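Given as structure tokens, the chain that follows is alone and in the form predicted on its own.
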């Protein structure tokens, strides 16, 4: 927020993208009294009008592009719900115009584009947050607390088996599971163990009956910065006995095991008398939007709102207060790095260092970027983008 923007009125949102997920965002914005929808852009204007009509918002202006609407309406921020290939153009244009952005995952279609957008957020001094919506789950926060009682962790495992028939761009993607869905679980793993990826070995494949053009199944083994091995196995073409959309999880530590089925409260078991964990974690403050202070291992208490409603509320809170949200692009880019390292490992059939993938993407971003964005990238002193 700038000093000229009042804090006693709803913030004005301009949404780009009105497809299936876009309709979900329209409902979420409509239900939040601190946000006012002032425009919707979609290359198919008829799609935008139909979505607004169905939501009872037929008077909201529509246009084909962000550029057309931004010149007509006074927006405070942009919601990017476009396909991944459009994230870079839409977000960069919004940031150049001084508009903060909350966008759907993945951060961008490529890691180089993602690093460029992180630098753009810094160059134009505007918040760019990725709605990694599955972090906003109170059960996952409880699972993290239980993991911390297990002592030193050895293994974190996630299984994901679903069979959605989406149609559209997912069916044609080269890496539909890893790029479009597994990033949720990869991001959750970083959150659950409070560690960053070091290396990965991954195999992608496509079962004979798959209706996806790209590989719809995978197994990936990540080495994390604390020595934990995170193992992900998933399929997007597995009919019957499907798992939760949040996956099913097992954490194994020196004192016991914690389990989460993705849809109900997690459970844990420790060897009698050997339970460990931070002192006083049951006395955590109840305010979700309090600045993240205190023990980094504990993190904030669970969010009061789930899914994209939770991410939108934290985004608005961050705009009003200047606090850093969980999904800040400078942090979320490491979840995307896990995705692209896994894809590179699958392609090469070798163990891949995440730092090598980041180094290559950074060089590509330096070649692509111009103006203030190029200057911001040049100031980076490590592979981890500054927050």
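Numbering follows the first chain given and starts at 1. All of these numbers come straight from a predicted model, not from anything done at the bench.
Below, we turn to the form predicted together with a small molecule, even though it does not appear here.
**Student:** Taking the shortest heavy atom distance, is residue 126 within 4.5 Å of the small molecule in the predicted bound form?
**Tutor:** No, residue 126 stays farther than 4.5 Å from the small molecule in the predicted bound form.
**Student:** Taking the small molecule as it sits in the predicted bound form, is residue 18 in contact with it (heavy atom to heavy atom, 4.5 Å or less)?
**Tutor:** Within the cut-off, so yes.
**Student:** Find out whether any non-hydrogen atom of residue 81 is located within 4.5 angstroms of the small molecule in the predicted bound form, and reply yes or no.
**Tutor:** Judged by the heavy-atom cut-off of 4.5 Å, residue 81 is in contact with the small molecule in the predicted bound form.
**Student:** Report whether the minimum heavy atom distance between residue 346 and the small molecule in the predicted bound form is within 4.5 Å.
**Tutor:** Contact check for residue 346: no, nothing within 4.5 Å of the small molecule in the predicted bound form.
**Student:** Tell me, which of 37, 51, 337, 41 has a heavy atom within 4.5 angstroms of the small molecule in the predicted bound form?
**Tutor:** Going through each option in turn, the one that passes is 41.
**Student:** Within 4.5 Å, heavy atoms only, which of 187, 314, 104, 116 is in contact with the small molecule in the predicted bound form?
**Tutor:** Selected residue: 104.
**Student:** Between the small molecule and 156, 196 and 356, in the predicted bound form, does every residue show a non-hydrogen atom at 4.5 Å or closer?
**Tutor:** Per the other structure, none of 156, 196 and 356 touch the small molecule.
**Student:** Of the listed stretches (104-112, 140-148, 217-225, 256-264), which one has a non-hydrogen atom within 4.5 Å of the small molecule in the predicted bound form?
**Tutor:** Among the candidates, contact is made by 104-112.
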